[in-house]
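The chain below stands alone, shown as structure tokens; this is the form predicted alone.
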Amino acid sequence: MQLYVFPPSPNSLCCQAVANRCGIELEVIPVDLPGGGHMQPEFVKLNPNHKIPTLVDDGFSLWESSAIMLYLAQQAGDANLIPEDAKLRVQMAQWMFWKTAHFGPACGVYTFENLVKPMMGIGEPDAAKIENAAEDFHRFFTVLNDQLAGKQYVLGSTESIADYSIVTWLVHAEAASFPMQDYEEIKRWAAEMLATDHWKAALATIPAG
């Protein structure tokens, strides 16, 4: 399998971490987003959205990180991260949809303004946009912090793709100046998740600097 990524991207990293957790060896192919690699005809054939990550498995292409993680976990056999219990399985989906609709966008403003802009040399952080994003940030971080109270994983004692889907947005939390001082449960859970060998291997693919 080939996974087309932009190495620092949270949505790329969670797919790599799931593959590592499941023992699936990927050929990781960096896409030069600043240079327009995602706009090249060869890549657009794989993903008409011009987005990363994109998975290719023997001619089958798949995009959207949640779908890619689900596909990888389905190939994993005993290393499956999809709960067998029907209620837990739909709760896993619920939290993944929540990440896409609410948590990810709330994190994304801070990530873009405080990290991506300086990294790409495209201007200074917009303080007004960060201030406007604060309400949603704290609203949804409170939801997650409450959910994690007394739990090892988002679903309780059951590890699932939902953990990977959500925690990936915290990879750059310090560099992006997330205001996380009051969210002890999130910080505990994220530290434990990101300290695992499969996450360390994913993070090691980020180029220095």
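Everything quoted here is computed from the prediction, not taken from an experiment. Sequential numbering from 1, following the sequence displayed.
Only in words, not in the display: the form predicted together with a small molecule, which the text now covers.
With the partner omitted here, the residue from 144, 155, 52, 173 that has a non-hydrogen atom within 4.5 angstroms of the small molecule in the predicted bound form is 52. Residues within 4.5 angstroms of the small molecule in the predicted bound form, judged by any non-hydrogen atom, belong to 57-65 and to none of the other stretches in 57-65, 155-163, 136-144, 173-181. In the predicted bound form, the small molecule sits within 4.5 Å of a heavy atom belonging to residue 33.
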